[in-house]
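Form predicted alone, single chain, as structure tokens, below.
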Amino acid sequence: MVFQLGSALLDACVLAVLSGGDEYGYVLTQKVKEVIDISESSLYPVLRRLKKEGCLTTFDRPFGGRNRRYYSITEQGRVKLKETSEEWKQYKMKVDRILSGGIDNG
């Protein structure tokens, strides 16, 4: 994709994926990568920040002799996702209008 992705939109994408259920880091990264070209190493700082902001919680679950860290959206994260989604809809409508020639340039 040729468009730069801002941190607010990346946060919203992560929260949207987690709104569908808890995920561990690798699976979360793969789901986000379906839409955004991002590496695991780029996503983990986002996850740490969202956790620090109270939007996510974590828990570990054993798997194959190791622990997997799972991420879960909090109520605060759901509120942030809802607010960001509404802002995105408004922004998207404006961009769509410009790109379709709906702005008077005269």
Partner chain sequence: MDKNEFLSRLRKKLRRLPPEDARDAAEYYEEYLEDAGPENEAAAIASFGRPETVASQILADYAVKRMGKDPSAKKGLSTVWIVLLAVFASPIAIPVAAVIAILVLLAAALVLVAVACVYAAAIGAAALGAVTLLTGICLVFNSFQTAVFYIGAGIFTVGAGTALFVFSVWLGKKAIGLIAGMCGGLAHRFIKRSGQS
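These numbers come from a predicted model, not from an experiment. Numbering follows the first chain given and starts at 1.
Although not depicted, the form predicted together with the partner chain is the subject of the following passage.
> So in the predicted bound form, does any heavy atom of Asp37 sit within 4.5 Å of the partner chain?
Yes, contact at 4.5 Å.
> Give a yes or no for Leu56: in the predicted bound form, does one of its heavy atoms lie within 4.5 Å of a heavy atom belonging to the partner chain?
Looking in the predicted bound form, residue contacts with the partner chain do not include Leu56, since no heavy atom lies within 4.5 Å.
> Does any heavy atom of Asn67 come within 4.5 Å of a heavy atom of the partner chain in the predicted bound form?
So Asn67 counts as contacting the partner chain.
> Whether Gly101 contacts the partner chain in the predicted bound form should be assessed with a 4.5 Å heavy atom distance threshold; does it?
So Gly101 does not count as contacting the partner chain.
> If you apply a 4.5 angstroms heavy atom cut-off, which residues in 13 to 33 are near the partner chain in the predicted bound form?
Stretch hits, in order: Tyr24, Gly25, Tyr26, Thr29, Gln30.
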